[in-house]
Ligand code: URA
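Just one chain is shown here, as structure tokens, and it is the form predicted alone.
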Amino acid sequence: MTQVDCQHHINSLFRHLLRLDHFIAKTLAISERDARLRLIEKKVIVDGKISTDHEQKISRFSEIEIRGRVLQYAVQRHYLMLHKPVGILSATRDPIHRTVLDLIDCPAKETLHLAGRLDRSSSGLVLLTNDGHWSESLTDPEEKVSKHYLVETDRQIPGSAVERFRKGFAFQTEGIVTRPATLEIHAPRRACVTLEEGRYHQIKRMFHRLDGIRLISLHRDRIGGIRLPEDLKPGQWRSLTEKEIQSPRSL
């Protein structure tokens, strides 16, 4: 197996977290019993420390070495925020439209994926990473990560809409009821929406249930504790701070 083939093999193992003994066995083509023996004999080093725990969970961000032989070099983690302009597609590639990756010049951009999307006609905060477990923690509805949006409508928003958003909307064709969301009306046609899920065109569809109200604009300015900075202009991006990375679910 060439070095390139070996790296493709290693990458394919990490769609999810993997037990250390499983990784060693598959990478060295040995039995799991033999892999555990190497651990017991203190021959395995993970991220610079001797490991004897065969159940230790590892990822492609872990560096693993046995007797001076590196089985896997650690991949660097990347966490970025982008101020997505209207008209840019929330995708990593598209044959027709410009995508969020076209706005980023990070050397590792081809390894990135989106942690939550925005419609092409919407603007605001988009997060990108190569850390699948981190992005799942943001997009899984059970994690209850709030997303905050500023909206402008084509007509006046009725006061009764606040309670409608709180109770949720039933979408019969999908067999679902949206989770309670917070609607704050700031002007006759301007409001803020906070919700903990992100179904297909959800906010647009919820407003359309209010006698056909349509959105003129939708802008996301916060995901959990990560806010879109005022000085980050449309089309610009930056790496997340360590605080933003560690506490994405904080408000």
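One rule holds for the numbers: they count along the sequence shown, beginning at 1. The structure presented is a predicted model; accordingly, all values stated were derived computationally and were not measured.
Heads up, the form predicted together with uracil (URA) isn't pictured, but that's what we're talking about next.
> Check, residue by residue, if 118, 149 and 201 all come within 4.5 Å of uracil (URA) in the predicted complex, counting heavy atoms only.
Result yes, every residue of the spot touches uracil (URA).
> Using 4.5 Å between non-hydrogen atoms, is residue 35 touching uracil (URA) in the predicted complex?
Heavy-atom contact with uracil (URA) at 4.5 Å: absent for residue 35.
> Residue 183 near uracil (URA) in the predicted complex, any heavy atom under 4.5 Å?
Result no; residue 183 lies far from uracil (URA) in the predicted complex.
> Counting only non-hydrogen atoms and a 4.5 angstroms cut-off, does residue 64 reach uracil (URA) in the predicted complex?
Residue 64: no contact with uracil (URA) in the predicted complex.
> Determine whether any heavy atom of residue 218 comes within 4.5 Å of a heavy atom of uracil (URA) in the predicted complex, and answer yes or no.
So residue 218 counts as contacting uracil (URA).
> For the interface check, one of 25-33, 203-211, 41-49, 221-229 should have non-hydrogen atoms within 4.5 Å of uracil (URA) in the predicted complex; which one?
Of the options given, it is 203-211.
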